[in-house]
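Presented as C-alpha cells, the chain that follows is alone, the form predicted alone.
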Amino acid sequence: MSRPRILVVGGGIIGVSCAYALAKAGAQVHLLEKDKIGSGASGGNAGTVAVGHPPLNRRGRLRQLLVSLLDQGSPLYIPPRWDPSLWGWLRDFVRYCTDEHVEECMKVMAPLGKNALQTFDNIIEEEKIECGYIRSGYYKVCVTEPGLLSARNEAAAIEAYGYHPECISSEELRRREPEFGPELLGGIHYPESRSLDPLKFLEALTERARLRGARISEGVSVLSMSIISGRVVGLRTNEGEIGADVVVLATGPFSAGILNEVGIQLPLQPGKGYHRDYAIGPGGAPPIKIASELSEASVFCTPMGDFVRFAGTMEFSGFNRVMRTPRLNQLTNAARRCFPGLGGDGPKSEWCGLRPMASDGMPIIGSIGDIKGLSVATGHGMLGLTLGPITGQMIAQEILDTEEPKLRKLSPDRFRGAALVNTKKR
C-alpha cells in the first residue's frame, strides 16, 4: 500500500505514539482526539517507565478483590454495585490468576520491556525531548515484613528474565535518599526504569508527529465506523465523514464501546487511577532524587521538576471521573509514611483518569476480527506510558510491512471465544 491513509483515534500516549511511528514511516496520518491531547489517563499518570514486572493477575487476587469491596482506602477498590459487564470481567480476571498464566505473560512482557526502554531512550535522544527524563531507575520500598518478603520474591522472579533488581537495606535506602522515613524496613532498586513528566513528553511527541507530517485534530468525536464488504473505509464524526484505508483505535477503555457497535467484544474495563501533586519546598514535598513506590499501598512518588507527583490506586467504578476523597487521602497517607518530610500545605493539583484494563493483564495490539483495515491498541492498564512508543512501532510495522508476522501473543484474536464479529451488525 503506497502512502496509506491512516486514521488514529485517541490522543493519549498510545494514539500519539502510533501517529508518530506511522508518520515517521511515511504514512498519511490523521489523529482524532475528542477532547485535548493528554486529557485522559496519559496526562496525569505516575510518570514511570517501569518494565519487567508480572501482571496484576496473580495468585491470591481473589481474596484481595473480596476485601476491596469494603475498604475505600485500599489500593484496589470496587464499589458494590450491579454491573454485569464488570462481574463478567472479574470472573475472567480471576480465571487468569494462576502461576502458569503469570509465567506465560512474563515470557512476552519481559523482552518487550527491554525493547520499550531502548525505544524510549532512542526517542528522547533523537527528538531531543525535554521532559525531566531520569534514567536512575526507582525504589520499591516496604514498611511491613510481609511486604518486604513479597517484594524480594518478585525481584527474584524478575531477575530470572534478565533484569537486575538490587535488594537494599533500610540503612542503605536512607543513605541514598535521606528523605526516606524511619518506618521503611528495606526495598528494591530497579535500575531498568525511567521517570519523566508524562504530559511534557506527550506534548513534545505530538509536536514531533506533526513535524513528520501527521495531522492532529482535537475536538473530533467518532460517531461510528464506515464498513463496506468487510473493510473499514472511514469514520463518521461530529465533523462529517473521514475516509481512510486503515483505522487504529487507541481510545483506552472507550475502545470497547466503539467496537461493540460493529459486533466485536473485548474484555476491557476502566480502571480509575488518581494523583496528587505537591510543590517542592517548605510546607510541601521534599526534594527527592528519583522515583519510588510504597509497595504495600501501590503508590508511586515521582519528582517532576518543581513538584512531586503521588499517584496510584486502582478503582473499578465504571466510566466516571468522580474523585473520591478517601482514594486521594490514601495517596497522601502513603506518601507521609514514605516521606515524613511532606508538609501540611495542600496539593497543587488533584486528578483521576481511566486506564484500559484487559482481563488477562496484557495489552491488546494488532488487527482485529474479520474486519480488514481495523487495528486496536488498548488494554495497557498501568503500562500505557511504559509501552506507548514500542506499541506505536509495533502497530506501524504490522500495518506498513506486509511481511511482518502478526503480533500473536498480544493480538485481540487471543480472545477469539469472546471477541466475535456479529455479521448482522456489519
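Since this is a predicted model, take the numbers as computed values, not measurements. All residue numbers are counted from 1 along the displayed sequence.
There is also a form predicted together with a small molecule; it is not shown, and the following applies to it.
A.B. asks: Out of 246-254, 185-193, 84-92, 97-105, where are the residues with a heavy atom within 4.5 Å of the small molecule in the predicted bound form?
C.D. replies: Single hit among the candidates: 246-254.
A.B. asks: Could you tell me which one of Val376, Ala358, Ala41, Val29 places a heavy atom within 4.5 Å of the small molecule in the predicted bound form?
C.D. replies: Only one listed residue qualifies here, and that residue is Ala41.
A.B. asks: Assess the spot marked by Gly52, Asn153 and Pro270: is the small molecule within 4.5 Å of a heavy atom from every one of these residues in the predicted bound form?
C.D. replies: No: no residue has a heavy atom within 4.5 Å of the partner.
A.B. asks: Hey, in the predicted bound form, is Val9 touching the small molecule, heavy atoms inside 4.5 Å?
C.D. replies: Yes, contact at 4.5 Å.
A.B. asks: Should Trp351 be classed as touching the small molecule in the predicted bound form when contacts are defined as heavy atoms within 4.5 Å?
C.D. replies: Judged by the heavy-atom cut-off of 4.5 Å, Trp351 is in contact with the small molecule in the predicted bound form.
A.B. asks: Examine Gly312 and determine whether its closest non-hydrogen atom to the small molecule in the predicted bound form is within 4.5 angstroms.
C.D. replies: Yes, Gly312 sits close enough to the small molecule in the predicted bound form that at least one of its heavy atoms falls within 4.5 Å.
A.B. asks: Is there a heavy atom of Ile395 no more than 4.5 Å from a heavy atom of the small molecule in the predicted bound form?
C.D. replies: So Ile395 does not count as contacting the small molecule.
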